[in-house]
Every structure is written in structure tokens, then in C-alpha cells.
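What follows is one chain in C-alpha cells, specifically the form predicted on its own.
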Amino acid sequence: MPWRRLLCVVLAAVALAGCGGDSFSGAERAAIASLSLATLRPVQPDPTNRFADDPRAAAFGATLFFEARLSRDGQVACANCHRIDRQFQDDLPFGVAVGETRRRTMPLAGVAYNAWFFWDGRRDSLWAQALAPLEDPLEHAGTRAGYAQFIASAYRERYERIFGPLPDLTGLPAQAGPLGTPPERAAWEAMPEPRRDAIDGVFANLGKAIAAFERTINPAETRFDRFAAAVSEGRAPQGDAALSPDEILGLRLFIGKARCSTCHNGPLMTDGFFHNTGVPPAPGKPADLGREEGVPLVLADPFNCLGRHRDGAADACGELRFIVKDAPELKRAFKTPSLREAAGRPPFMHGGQFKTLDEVVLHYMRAPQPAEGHSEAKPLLLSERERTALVAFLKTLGE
């Protein structure tokens, strides 16, 4: 054990979380406890998806998650971008499927706790989120009619065991959908509305199955969590629960002077909301207005909480009913990502604008003005040691 960490452990026996005789204040202890996974409550039921916690649906969803035939070219599965060995993301600045997307792939650990999905919040449920890439021309690039026929040919028995009988697909075009090519869109519009609705129901169920699987993906305990548990219980952090002096300084900065926990709070270290913090535009990509673009998209989504394929009653749709619209703070505001295991998934931000955590900290120290809108970030006066310490602490969230 390095001598500094050994010294920290020895002194911690006297002054629980401090080196040099300093102990955490009551407010600091409360803040540390609030960030620990130990405070993460069980995921709540999804009233819009009655299959959300059905083990059969989750098993089917896992199959679909790894099914490359759910794409136009037969080469793209959800798992291509959400790699199970890479924290369910892909290490790329932009997701790459049938084509290259314009944003970074988000990790999936703890995703079931979210109220809004994607960097711009353009979907309001996990199952509606799972549907979007299936039709996106840059991701899976498929169509609703094509997916219904694929399920009928490859997974009819499994589907019907969970969701009931498939609709009659006789005479259904091979490919038809509202977001396909012009001929595919024309074929979709030519279908009677009851038939389109039946196909939408099959499509919605695919999303509900994938969501049931994704609800089982949770973040792993880290060295920080073991440290937080010891501090909360009045024990001296020891062994792999101990933090070095620099890591403890970084933790103090995180919950204090550096103001990180203003947005990166709670056991998932995200407030789940959208903020403009002056992050520069993604290089080589079209203008991206973030939440300002996401609001009209979620309101127009036929699979949103107020849509006809939602399970349960509409009284579960408060988030959507009272969504903030047309506010200046929505411009170039992006969802706060979880910092759990963040050190292991560079590059950072919605378009991979920063290659290292040190660059991220430097950005918040400088707090530049955004390309558009108003930044919430204020300059941070951190010394060289404090900047290094903050990065050191962030690494404990993935060890």
C-alpha cells in the first residue's frame, strides 16, 4: 500500500475520513451518503409498460437486444453501440450503426431510473426510447412492417407467449413505415388505419420487451461506495474502501467548491435534467440545440405516455403534461450524464468534445460562453493540485 494511503488509513481511525486530522462535517457526511449506491431505492414500476418486470419479457428483450437482424442490413444490434464489455456504450465520439450518428452513445447502467431519454430527452419512457433507434435511418434503419414480419417468422411463439396473438399480416408490404424511404412511407400511408395501429402495437411490444431487459442493468459498487458506507456507519475506511489524500480532497471539491454535485447528485450522480454548460458544438456535425429540439419530438412521438399504446391510465403522464416548452434555457441544454464509471468511457460530453477528464475540468474552470443560449456554468478557481485531485476522485467512481 502506498505510504500516503497507509497514513490516511491510520489517521482515519482517529478522524474517520480525513488525513491530517481533518474530519468530514455533518453536512459533508450527508452529501457523501446521498451519492452512495446504498441510497439507491429499487426501481419503481413503469405504469406505461405492464411487461416491464415480467421475466419472460426481459428474457425476450435480451434476445432482441443482441439480434442483428433487427436492422436493414442485418448487421446492427442494440449491442453494437451498447457493448456489454464497455459499460453498455462504445468508446466512440459518435455512435456508429448503419451510419454515423451525431451524438455519443449513452451507457445503460441505471437507465430505468430516468424520466427522459437520450441527450435531448426526446423520449419519455424506456420502451419508447428502445423504439427510436430501430427506425432511425442512421441506426437500425428498419420499418415497423418489416419488424412485424420478422417477429412472425423468427419469434412468433416467444412473442405470442408474452403478448398474445400477432395480428393478421397477410398482404402486408415487406417494408412500410412512417420514417422509411419515400416508397416505404407511401406503402404505410396506403394501409388502413386499423392495420397501421395493429402493426404499431407489435412494434410497441418490441420496445417494451427490450425495456424489460434494460431495467435489469444496474451500476456496480465502486471504491467510493465502500468508502461512503464506512463514513456513514462511523467506521474507518480501510483496504479497498480507503481513499488517498488527493482523492479525499477531490471528493470535498466535488461536493463543495467545485459545485459538481449541483447537477451530478444522487446515487446515480445525475439530476436527470438538461443544462447548457457552454460545451462547444460537436466537430463536423450540424447545429445541435439539445433539449430545445427534444421537446417537440417527445410531444409528437406516437409512443409517448399519452399515446394509445401506453399501458395504464393517463394520470401517470404528469411529466409529459407539464413539460417545459419554449424556454430560453432549453437552447443547447443537454442531459446530465451519470458520472458512475465515467473515467472508463472517454471521450466525454454529447459529442465526444473532450478526450480526457482533465479537459472536462478545465472546461468548467474556464466556463466559456456557449455557441448559443446561456451557460449555467460559472468559472471555477481551482489550483493545479485541486484540478488533479478532482480527477483522482472521479476515477474512484469506476474502481
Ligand code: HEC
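Model, not experiment: these values are computed from the prediction. Note that residue numbering follows the sequence shown and begins at 1.
Beyond what is shown, the protein has a form predicted in complex with this ligand; the following relates to that form.
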| item | value |
| --- | --- |
| Answer range among 183-191, 318-326, 126-134, 162-170 for contact with this ligand, defined in the model of the complex as heavy atoms within 4.5 Å | 126-134 |
| Partner-contacting position among A204, C305, V279, A148 - heavy atom within 4.5 Å of this ligand in the model of the complex | V279 |
| Single option in E292, E214, D200, D225 placed near this ligand in the model of the complex, where near means a heavy atom within 4.5 Å | E214 |
| Every residue of F65, H350 and L394 near this ligand in the model of the complex, heavy atom within 4.5 Å | yes |
| Partner proximity in the model of the complex: E139 to this ligand, non-hydrogen atom cutoff 4.5 Å | yes |
| Contact test in the model of the complex: R345 vs this ligand, heavy atoms, 4.5 Å | yes |
| Contact of L357 with this ligand in the model of the complex (heavy atom, 4.5 Å) | yes |
| Close approach of A236 to this ligand in the model of the complex, 4.5 Å, heavy atom | no |
| Residues of stretch 72-87 in contact with this ligand in the model of the complex (4.5 Å, non-hydrogen atom) | V76, A77, C78, C81, H82 |
